[in-house]
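One chain is shown next in structure tokens, namely the form predicted alone.
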């Protein structure tokens, strides 16, 4: 038999149709190439390191070389005398201008963290924490001077192992907190003990998830420019949430928000790494204030590995109860996660574990669920929200347990999922953990996946190859993903992170459309879908739409890019503003044409008769008259050709999406190597605004999920030092290793908005690790072996097979 899968072509995908959302819908739902891609692919993007300001200085940070130390003295006289050096500052210097912060949320009861400073004051608590800042005329001069900084320090006892973080013998990282526990949560719903006692089968496992990080193409970077003459702060930032940082800079430096402008131009990838406020963000601003001139900070790759947030460090003990007919009765799990020495500001590092508690067992209709979460401090790089936020952990635990249960009762793994997912006609409903689910399509998605991957043929091929000693496996992952968050995510906890977003849409005199929107662009294509939405909402050609984002002086106030909210929240604001502008255009046209507005429509850059389609007035002529010849209009009529609308999702805490993924792998039992052969994803993000972009989002996110499943891990030694903080030793997924990824869609629009869009940016990352892990374990099944520790390295596979001790 051929060792390929060319005989397993997918079934024909029949697009699901949903009602149009605009009168003349041409672009929404079409695969329109994203705007701006030509500029970026030709190297014409403008990133932070491309920006040069007059009198701009550069900062380099002396970072802690050890995981925990007491700072006894900083010797910097030699550094201060080096050529070009403008300022050397330590934590005490910056504490005079920047207040400390404590990253907790009010609705996470009992959560605690210690005050954190822009530069470490007296103690540094992880390798990479900034301790001393050197500012010089050039980056090279700053780095040269950095070599002459001497810090006398005393190494302090460590708490690096999250398993022992709460032991009485473990040193306290912050003695004033009383222990190393940041947050704990318990949930006990239904009759867990009873259903587990009465179950026909119980399966359990311990799961480990290694730390990994984002590795953005553009590292974290900013330019802070304090203008003493104007008493005004401008910060150019490679960031996801400019208004959030405007607010934080105002609070930490006692500045009015009106005196602060945050500008986010092109951002070379973010993945959640750039949605948190870092100590060096505040330090760079403080240094600019002290010097009265612009200061640029660009993290190099080495310091990115120890100062960018890490994520995913979990140990989960979990079990599942089922009866012989395949009914899932309940889940019981205990999650321990280590977050470093501080909770990250302002979103907090407890959200990740909280999400795991919310999401385990989420796709299934069981009613009995018990969960325990401990979030502990440790002397390692802080962790926080990263693409998928808890979803890959919850999904991997849930889906691995479902597979183990299926094995116990001898049921096909796809069949047990089909039996247990929440039915498509059961919504709205509430999951066992209390999550509110508006409308999902598990049944339709599973049906489409079965056809897409030609499941029966694939199983037959697997069985035949197994007879030849070729060990392939098929793994599934049923996914739910929270998107379009309301204020229930952060606002209720006191974090000043906007849950709404606004859009301003303007008709320019030439008939062009300018859109200003709070959600920015980090490479995911939001500008492209905003152009599509605005073009259809107003009734113009997409080439006439320009989108501006990422400037707090210009755009409406908004939350930025996180939790897959760009399409569902920002897109809805653009739609509402565009349709409002269209109505205003018709009012102007009615006055000019002396006709009733109700009988008019905007079609393809012109006002037409709504009944006949007769062309009546080009928009550029309407713009000319409205802007330059208002004297020809009635005295009591003023054209309003720029409108702003805002949107906040309030119907549910979150709008959940769903989907299902499958992975097909081959495992070499002699070497432990895993070859990825094929990956399928059926996703339901509501109305698909641009199928090509959603497919790209899914494929990129799946690759990122595979990275966590097989390759990426921030490795530490016993002294809390990262062992592979460079691109040679930290493995990221490469194109040659990735499988073909086939994507199909089911569309179940949310009813919480007119557009009906849900998020699509994280589901791929949420499901891929589970699907790959299950596929590997399916391949290992003949050996009665399995591996539940990610990343799944060849060594771990061989260990599972008993070939490595």
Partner chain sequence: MADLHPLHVTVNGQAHRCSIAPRTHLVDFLREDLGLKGSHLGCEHGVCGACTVELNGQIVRGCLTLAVQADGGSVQTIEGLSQSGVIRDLQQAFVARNALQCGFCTSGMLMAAKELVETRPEATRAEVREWISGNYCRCTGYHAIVDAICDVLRQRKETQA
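The shown structure was predicted, so the numbers you read here are calculated from the model rather than taken from an experiment. Residue numbers count along the first chain shown, from 1.
Another form exists, predicted in complex with the partner chain; not displayed. Remarks below refer to it.
Contact with the partner chain, judged by heavy atoms within 4.5 Å in the model of the complex, is confined among 687-695, 356-364, 554-562, 538-546 to 687-695.
None of the heavy atoms of residue 467 is located within 4.5 Å of the partner chain in the model of the complex.
Interface residue remark: residue 587 is not counted as part of the site for the partner chain in the model of the complex, having no heavy atom within 4.5 Å. For residue 281, no non-hydrogen atom is located within 4.5 Å of the partner chain in the model of the complex, even though that partner is not displayed.
At the 4.5 Å threshold, heavy atoms of residue 53 stay clear of the partner chain in the model of the complex, well away from it. Just one of 226, 271, 209, 249 comes within 4.5 Å of the partner chain in the model of the complex, counting any heavy atom, and that one is 271. For the candidate set 726, 430, 231, 164, a heavy atom within 4.5 Å of the partner chain in the model of the complex is found for exactly one residue, namely 726. The partner is not shown here, but in the model of the complex the stretch 288-306 reaches within 4.5 angstroms of the partner chain through a heavy atom at 300, 301, 302.
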